[in-house]
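Listed next as structure tokens is one chain, alone, in the form predicted alone.
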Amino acid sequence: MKSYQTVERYCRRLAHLGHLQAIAGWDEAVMMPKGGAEMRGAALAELAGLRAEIFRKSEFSEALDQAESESAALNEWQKANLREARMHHRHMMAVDPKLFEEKARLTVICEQAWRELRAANNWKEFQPYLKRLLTLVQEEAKSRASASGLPVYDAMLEMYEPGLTTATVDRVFNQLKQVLPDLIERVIDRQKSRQVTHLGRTVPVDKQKPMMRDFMNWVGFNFDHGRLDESHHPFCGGVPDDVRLTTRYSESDFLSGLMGVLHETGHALYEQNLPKEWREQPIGQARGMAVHESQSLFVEMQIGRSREFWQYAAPILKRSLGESHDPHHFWDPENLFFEASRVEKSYIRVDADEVTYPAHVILRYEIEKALLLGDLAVEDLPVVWDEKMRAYLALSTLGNDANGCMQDVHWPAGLFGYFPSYTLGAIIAAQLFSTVEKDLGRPREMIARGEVAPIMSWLKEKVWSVGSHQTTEGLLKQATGRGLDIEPFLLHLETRYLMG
């Protein structure tokens, strides 16, 4: 067991440094003044370099080899932890440490430039930042592909969802591309007959904030181990014992803010409920970003945008936010459901409804794959983005880069290979909820009564407490009895938007 214990010791050191990276990254996005970007980039580069040094120590590599040769003496969790440690080690050894450091430094600079230049719709000045960062990411991807034997884009997918391949993404996305255009048109046409009452006034942020916290408490967020702040782009960061959520509030659309908070809280619940005894080990981490997105979309889409949620939430919202002169029917549960389930073609991915959302993701997947492979130059990005937006959503973004190719933080953050996780997460969320319906009987009635604890307990048992003990395919089979299945997602969309 001595070699295995050495592996655990190294992983613990890496987790501690990762903790600092996570909190520094949160601070950079939420609290840091823009003048701190250069030195923060240097500090994060130093951390990245330290982690790379640890991974490259011969004692770590030798301990991994020896522990694997003696794995018969390990229990099932230790064997799985060793498997995950080997995967992380392989990922880190594939890339020159100097590249990690340079990427960490450039990412902070590029993100800060993006925040300022996106607000000014200034693609021309932002383009050189993205081009420099993409060059590094392309170099990283080639190194990972060479080390793993995977195709270049698959090697980057592996970083965010282990085991995911372009073949799987293409198969699923091609199915969606066949179904989505007609589905979107049918839903939009059906909703034309809806009579929806709008609030017609703003809701002050200071009234929204306590309401958001109440709903976070409702689904089980632990404020002793987390906090909610504001940022330019909503995200969930930090570490399991100190989860950092962010959102952005809109006084003209408080429902958007509420759904965003529920979404990020889904991520946070996963983090807070990972197996505590394995927190500082690879197996104690979330399985991958597709599974992570499934948890945020389970809370936001499967629960939060359901008709039953509004039966529970409407009286609470009216008490918290309502005023005597509000339109008579606005706070009715059915009206709020109509507001929250409105489908329309729009520019912004994070604000998109769940029917058009996959089109946004498919567009980004196709573009980032072309960028990574060198088939698309950064200079041509706005034109290609516009072409695909017109093809998939009948919208033009020419001259509107802030709401086009500059709208997401992912590429300025160097995250290439991430986008497929969003729609795969929606598919997994629907698959999980369909199993919840079989296992718990009537979960929708529970939601309408505000009794979500049994649903959360099911998720904790089947997903959260599993960490990375299982592969994604294994986790799905254990939780739902089958591998990735698109049918529950398609049935969910048909039922909610064409039959409900």
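Just so we're clear, the structure is a prediction, and the values are computed from it rather than from any experiment. Note that residue numbering follows the sequence shown and begins at 1.
What follows is about the form predicted in complex with another copy of the chain, which we do not show.
Participant: Counting heavy atoms only and using a 4.5 Å cut-off, do R132, E139 and L484 all touch another copy of the chain in the model of the complex?
Facilitator: Checking in the model of the complex: none of R132, E139 and L484 is within 4.5 Å of another copy of the chain.
Participant: Looking at 368-376, 101-109, 242-250, 67-75, which stretch has residues with any non-hydrogen atom within 4.5 Å of another copy of the chain in the model of the complex?
Facilitator: In short, 242-250.
Participant: Please run the contact check for M446 against another copy of the chain in the model of the complex: heavy atoms, 4.5 angstroms, yes or no?
Facilitator: M446 lies outside the contact set for another copy of the chain.
Participant: With heavy atoms only and a cut-off of 4.5 Å, decide whether R279 touches another copy of the chain in the model of the complex.
Facilitator: Flag for R279 set to yes.
Participant: Using heavy atoms and a 4.5 Å limit, would one call H469 a contact residue for another copy of the chain in the model of the complex?
Facilitator: Residue-level check for H469: no, no contact with another copy of the chain.
Participant: Quick one: does L491 come within 4.5 Å of another copy of the chain in the model of the complex, counting heavy atoms only?
Facilitator: Close contact is absent here: in the model of the complex, L491 is far from another copy of the chain, nothing within 4.5 Å, heavy atoms only.
Participant: Considering non-hydrogen atoms and a 4.5 Å limit, which listed residue (G450, P454, G441, G35) is close to another copy of the chain in the model of the complex?
Facilitator: The option sitting close enough to the partner is G35.
Participant: Would you kindly say which of E46, E473, E437, E62 lies with a heavy atom within 4.5 Å of another copy of the chain in the model of the complex?
Facilitator: It is E46.
Participant: May I ask you to list the residues of 224-262 that have any heavy atom within 4.5 angstroms of another copy of the chain in the model of the complex, in sequence order?
Facilitator: If the 4.5 Å heavy-atom criterion is applied to another copy of the chain in the model of the complex, 224-262 yields D224, H225, G226, R227, D241, D242, R244.
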